[in-house]
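Only one chain is shown below, in structure tokens, and it's the form predicted on its own.
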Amino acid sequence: MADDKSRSGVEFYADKKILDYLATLHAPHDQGLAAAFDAPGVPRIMVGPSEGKLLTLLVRLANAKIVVEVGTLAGYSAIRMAAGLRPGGRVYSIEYEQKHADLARAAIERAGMSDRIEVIVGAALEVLPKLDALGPVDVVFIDADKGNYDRYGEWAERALRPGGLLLGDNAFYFGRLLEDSAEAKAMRRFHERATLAFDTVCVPTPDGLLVGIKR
């Protein structure tokens, strides 16, 4: 029988070389994805290649037409999700920083996804109510400021259709999930509330990905 440590995650079995090999094999970058992933002047906090391809597959499995993303950064995850949309689908991605939105739009155009992704600049808590008219939506992906995850999750709960997907990156909160900070408490509320309205699991990606199907 494996010991307890080996049950907690892939870090005990896969080193960086293995992960890089598998990402190259299963989740390669084209020019558009590379432009977003390697955008200059952007912190390297976007999802990794394998997590990005997982987003593509989840959006496809959900047969999604309307996706709302909170946190665009350089557009990498938006491009990944747009690749999984059904015909006529659209990703509405919210970005607080204008400079990041500009980089994202350039990468999105390079990826040939401008007709499928709209980047909206503003504070998500102000923008999200304006997107109510889109609903019910099929997928909500949250990857933004951690102290508001609980409030973003509340919006997702209202906006998603039954069977729709809630996705939340950084679900481990950089290893600080159980700390006493306001941000950690908000992240725990996000987790706890999600279990009430969704069938959920927290996938042990490098920083955790919450996946929920709305009941």
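Quick caveat: nothing in here was measured; it's all calculated off a predicted structure. One-based numbering along the sequence shown.
Keep in mind that the form predicted together with ligand SAH is not shown, yet the notes after this line are about it.
- Not displayed here, ligand SAH is kept clear of V59 by more than 4.5 Å at the level of heavy atoms in the predicted bound form.
- Mapping the unseen interface onto this chain, G84 falls outside it, with no heavy atom inside 4.5 Å of ligand SAH in the predicted bound form.
- Proximity of M113 to ligand SAH in the predicted bound form: non-hydrogen atoms within 4.5 Å are absent; the residue sits far from the partner.
- Using a 4.5 angstroms threshold between heavy atoms, P136 stays clear of ligand SAH in the predicted bound form.
- Screening 60-68, 178-186, 159-167, 145-153 for residues having heavy atoms within 4.5 Å of ligand SAH in the predicted bound form returns a single hit, 145-153.
- Taking a 4.5 Å heavy atom cutoff to ligand SAH in the predicted bound form, the contact residue among L103, A124, V119, L131 is A124.
- In sequence order, I94, E95, Y96, E97, H100 are the residues of 92-112 having a heavy atom within 4.5 Å of ligand SAH in the predicted bound form; the partner itself is omitted from this view.
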